[in-house]
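A lone chain, given as structure tokens: the form predicted on its own.
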Amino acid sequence: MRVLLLGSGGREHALARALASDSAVTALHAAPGNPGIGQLAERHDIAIANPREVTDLARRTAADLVVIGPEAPLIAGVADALRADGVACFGPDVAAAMIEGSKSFAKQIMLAAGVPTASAHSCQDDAGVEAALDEFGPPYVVKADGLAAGKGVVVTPDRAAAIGHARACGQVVIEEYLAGPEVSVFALADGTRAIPLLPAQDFKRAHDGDAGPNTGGMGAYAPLPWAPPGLAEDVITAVIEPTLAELRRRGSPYRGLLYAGLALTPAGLRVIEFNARFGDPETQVVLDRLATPLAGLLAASAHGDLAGTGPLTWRDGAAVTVVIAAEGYPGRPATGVPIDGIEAAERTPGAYVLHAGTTRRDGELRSSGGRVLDVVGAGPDLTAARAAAYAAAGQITMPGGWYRTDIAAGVGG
């Protein structure tokens, strides 16, 4: 199987690592990739949100399967163009991908499908914002309606900050706050069927103790020793299957990865958000635990044929990923900063490093984004996996770089 992977972040490096280790993959291409992905795949410099450029590259590489990592190409209609050109694609068409592209649309789908979620209002002006904030009270939850690279959500007790975020975003969704631990559950979908992956938990706040602003995610771990038994299956029944059915009823069958961000509230599970692709940084730990070869699963989803897929198998033990961020993140991150120590980090037993925001300039590895590296540790339990991740992270130097020190701390397992 010849595979073309779109994207350049840590999630895509994790996907590339899993695909490159799959004996069914005979050639792996990536666009645009990053220096880490470039060690596993042939890189191509194209605009991945341009349907014509992607379909042309798929033809040139004779791709049997295109795997779309980030959300922007999905919303740009890249999956539609590939399928119209006869190329199998892991990723939903634009009509279905709007479940991530518009928070308002996602709420409409959930309401129609009977999926449990927070009460919410879509607001476009100050009067609507003020009324919604009055109704739900603090802490205020204000979400940009469109794509925001994981940074469009503000959860704050400060009413002025909530109003300021709403004004900066334009159209927003304001909803009731959901109390309870948050969990990410991924499901492979083929338009009709869905198969859950291992639940994971990420850490969205910038600093230790869940302080500071929201980010795209500062770390994650799996499995969740405290999660209710059968959580993934419950999510499939209560959330994923009704959502797929509603999208199918609207003529938009969903083929790809459907990500449900959940709160486990005292009243039961509630959907916080949907994403139309693998989540980052949860993908890094989920794929580390997956023993079933990945390429066949993604191809079965793309071809609408998950029925023939047997039960997934998972490696024993646990995985933890720690994100190393650039100075200034999640605001304006410093870029072009030299990075050293990756080889030393990867000599740590049980650890390896995934590139997220890196580039190579004049032969030297440098930062090119806010979240720069993902350091993954694996071990027989979460304590060992966490120790490996932090021991490896401590070997890496990047002036101004920083990371949370409490990822997966105190969760047992």
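Numbering starts at 1 and follows the sequence shown. Please read all numbers here as calculations on a predicted model, not as lab measurements.
There is another form of this protein, the form predicted in complex with a small molecule, and it is not shown here; the text below is about that form.
Chemist: Based on heavy atom distances of 4.5 Å or less, which listed stretch (269 to 277, 239 to 247, 122 to 130, 322 to 330) is in contact with the small molecule in the predicted complex?
Modeler: Contact-bearing stretch, as computed: 269 to 277.
Chemist: Name the residue from L178, L290, A72, L306 that puts a heavy atom within 4.5 Å of the small molecule in the predicted complex.
Modeler: Of the listed residues, the single hit is L178.
Chemist: Exactly one residue in S104, S252, N214, Q171 has a non-hydrogen atom within 4.5 Å of the small molecule in the predicted complex; which is it?
Modeler: Filtering the options by heavy-atom distance leaves N214.
Chemist: Would you please decide whether E182 lies within 4.5 angstroms of the small molecule in the predicted complex, comparing each non-hydrogen atom pair?
Modeler: Output for E182 is yes: heavy atoms within 4.5 Å of the small molecule.
Chemist: Is R83 a contact residue for the small molecule in the predicted complex, using a 4.5 Å heavy atom cut-off?
Modeler: Close contact is absent here: in the predicted complex, R83 is far from the small molecule, nothing within 4.5 Å, heavy atoms only.
Chemist: Taking heavy atoms and a 4.5 Å cut-off, does V153 contact the small molecule in the predicted complex?
Modeler: Within the cut-off, so yes.
Chemist: Taking the small molecule as it sits in the predicted complex, is K204 near enough to touch it, meaning that at least one heavy atom pair lies within 4.5 angstroms?
Modeler: Yes, K204 lies within 4.5 Å of the small molecule in the predicted complex.
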